[in-house]
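Heads up, the chain below is alone and in the form predicted on its own; it's given as structure tokens.
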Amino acid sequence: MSNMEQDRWSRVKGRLRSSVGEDVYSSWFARMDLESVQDESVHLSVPTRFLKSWIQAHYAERVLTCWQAEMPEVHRVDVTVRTAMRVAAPAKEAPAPVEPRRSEGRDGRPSSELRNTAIAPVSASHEALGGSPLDPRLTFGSFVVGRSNTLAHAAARQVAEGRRGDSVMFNPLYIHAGVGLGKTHLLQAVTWAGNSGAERKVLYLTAEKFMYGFVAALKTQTALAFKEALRGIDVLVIDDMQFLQGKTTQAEFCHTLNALIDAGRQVVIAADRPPSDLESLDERVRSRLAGGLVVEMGSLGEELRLGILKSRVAAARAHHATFDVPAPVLDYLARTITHNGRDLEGAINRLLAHSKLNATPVTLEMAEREVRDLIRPMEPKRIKIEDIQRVVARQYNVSRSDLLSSRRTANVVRPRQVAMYLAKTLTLRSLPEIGRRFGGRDHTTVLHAVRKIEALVGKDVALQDEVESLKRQLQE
């Protein structure tokens, strides 16, 4: 891609982000890449069929309009599905920028040996099971551990190092995080490591692949075989759970989930939000998902971002020995590119391309120019209803279960009303949704609470100070 096309694509993405909003953009367009611009056509790619079909059905005109604002001559936008990179030999592991934690597997071997298994046989056996494509770069060896992902990493390793017949410690393991924070990396690392021996069958599926497989089985009247094949898996790994659609498909997933858990098989799931926020899913599925270990991977701190950048530079140097990024440039990138790990990897790729194609060393001035579109303004913290309930309960010395209960004593009613008021003013949740999250209350109860606190805040200085203090605690 030329610099001109890259700049144009950056401006189109900016228009698209402004048009649809950050949340919609992150869900549907964050993984869209520009492949080429030819005559009057633009060719874009996404990683899954589901993303392709959704974008074509709901946002095709919006994408075309954004392109025409930059290039009026464009009259067609094509979206294709790109395939994951596959190699016949294991990728050379980059040295870990953070001091590695040496641990031993169940058989006494250092766990680092898990990642030295030949990739090609693992990939072939996984595809034979009908799994989604695996990226050989996404192993535990290339995963950078930091404060925000320590628990998720430890839980994933625990699953990967398990043996058939071992008791399952937590089931399902549910990992949630925003776009580009490492969920898919951990899930594929579990699959690579788990399939490294012939003992267990570990199957990695995207939600779209699960839906496609189930619908295809129904059409070919092989649904029973499809179900039995899934239930024979030792570890089922499902990615992008938020995309699971359709009542029939969700019901089948719920049956499969129950069958695997009841049989002592491991299930690992990732999504972009906690189970309680997957409002499109059946309540039974949400309840079963929430019954395991739910782990959030937080945003990347500056130290972790720097570690990721060093890891990516080391990986690039394995193929381009003369490639080097000076420490001041790495510090600049870690300080200014704050959104997610994919932006960090994209920054290194740009510097590599510019350095190699132009035969020039990487400098701070070049980095500032090449990654300017990746430097986004800091977004306000996304506040969750669970956070509000926790902070309010602590402030008023009651329990979260008190806030959700039917108790009507004064020491519980006021905190509950304050929490509902904050949920309405600090989140985008509807009144019915807030009521459901407060013990299944009616939306009129929430509306009454909001109006009551609004009225009191206007004349009660002490309450006004309390509410402002709660807001500051939640936004820190």
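Position 1 is the first residue in the sequence shown; the rest follow in order. Since this is a predicted model, take the numbers as computed values, not measurements.
Below, we refer to the form predicted together with a small molecule, which is not included among the displayed structures.
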The small molecule in the predicted bound form: contacting segment from 397-405, 136-144, 166-174, 258-266, heavy atom within 4.5 Å: 136-144
Of the options K384, K209, R350, R312, which one has a non-hydrogen atom that comes within 4.5 Å of the small molecule in the predicted bound form? R312
Which residue, G131, P275, G162, G341, has a heavy atom that falls within 4.5 Å of the small molecule in the predicted bound form? G341
Give a yes or no for G292: in the predicted bound form, does one of its heavy atoms lie within 4.5 Å of a heavy atom belonging to the small molecule? no
When the contact criterion is heavy atoms within 4.5 Å, does T363 count as touching the small molecule in the predicted bound form? no
Answer yes if any heavy atom of E345 is within 4.5 Å of a heavy atom of the small molecule in the predicted bound form; otherwise answer no. yes
Even though the partner isn't displayed, in the predicted bound form is R288 close enough to the small molecule, meaning a heavy atom within 4.5 Å? no
